[in-house]
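Next up is one chain by itself, shown in structure tokens, the form predicted alone.
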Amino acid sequence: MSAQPPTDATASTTIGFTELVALLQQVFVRHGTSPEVAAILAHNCASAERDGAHSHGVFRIPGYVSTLNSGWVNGSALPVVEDVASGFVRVDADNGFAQPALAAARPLLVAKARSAGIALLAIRNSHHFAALWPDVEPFAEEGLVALSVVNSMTCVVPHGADRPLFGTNPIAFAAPRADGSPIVFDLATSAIAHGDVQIAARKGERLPPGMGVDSLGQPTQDPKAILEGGALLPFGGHKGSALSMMVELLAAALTGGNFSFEFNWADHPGARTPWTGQLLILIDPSKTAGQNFAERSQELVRQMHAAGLRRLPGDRRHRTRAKSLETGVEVDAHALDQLREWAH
């Protein structure tokens, strides 16, 4: 069965969040994951779609299906959690997805952070194919501060270089605040997320200048030229490039995972998930001196608004989330039909 994303723009339809999660679970199980892994991935993917993060929602399912069918990833992986130090937890993801590994380590990680004030989780031998903010936001909802980095497949040319070496290498951060939803951001260290380039190519849209280069290394605004032998550029020139290098060191070198350039999926036609590593740092702000951290966060938000800032990181996601939970999750109609076909 083909696992290609829809190529034509079609009308959208709505589906309840719970119904979408259940449908995605069926798709994952049907294509080789255990029910436990399917439940975690389905909730993650449905959450991204619910919140309007379309490049990491239903759009990703063909890639998941193709990867699972290729045998590249272990859909029934059993992560091995290792308690290695007072503030250090390691997880071998068993060549499975990173989110089940995070879920397996979560109780120990939180307990260590509550006890020591800070704890680190190093995930290796893992595949991360989703948005990064869902990994950190739940911790902030519990009053913790969370920072996570993950490296991906090689598709970004370092500043001053002439060939791709880094991944899009996102950084996600979440912090609680007193009178509102957590402050959360998730940004790629590339000028644009790879999924957004794919969506632009599917829609026939051009990209803004400075996003990427073609196969000859020349600047291009054509997303297809970037995807077909070209590469992305880091955001902010040498600054984004330095951050991307930092992510490689933290997510791969420190965890024992693969650098973006170290794995080869040539023997697994259809594989699309990067086989790398992930690092997550958790801080308990109740250990700090002075005023309550969440109140201090809220004060910062008040001052940002007073300075004229009308939209905080994560605001659009939370507005879309509220609307989706009230009226249903808006999904491309053709994509929804494809999901139902894959599920049954």
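Note that residue numbering begins at 1 and tracks the sequence as displayed. Bear in mind the structure is a predicted one, so any value in this text is a computation, not a measurement.
One more form of this protein, predicted together with a small molecule, exists but is not displayed; see below.
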{"property": "Proximity to the small molecule in the model of the complex (heavy atom, within 4.5 Å), stretch among 187 to 195, 83 to 91, 158 to 166, 112 to 120", "result": "187 to 195"}
{"property": "Among the candidates 144, 153, 102, 136, the residue which, in the model of the complex, approaches the small molecule to within 4.5 Å (heavy atoms)", "result": "153"}
{"property": "Residue among 240, 176, 96, 274 with a heavy atom within 4.5 Å of the small molecule in the model of the complex", "result": "274"}
{"property": "In the model of the complex, residue 56 touching the small molecule (heavy atom, 4.5 Å)", "result": "yes"}
{"property": "Residue 60: touches the small molecule in the model of the complex, heavy atom cutoff 4.5 angstroms", "result": "yes"}
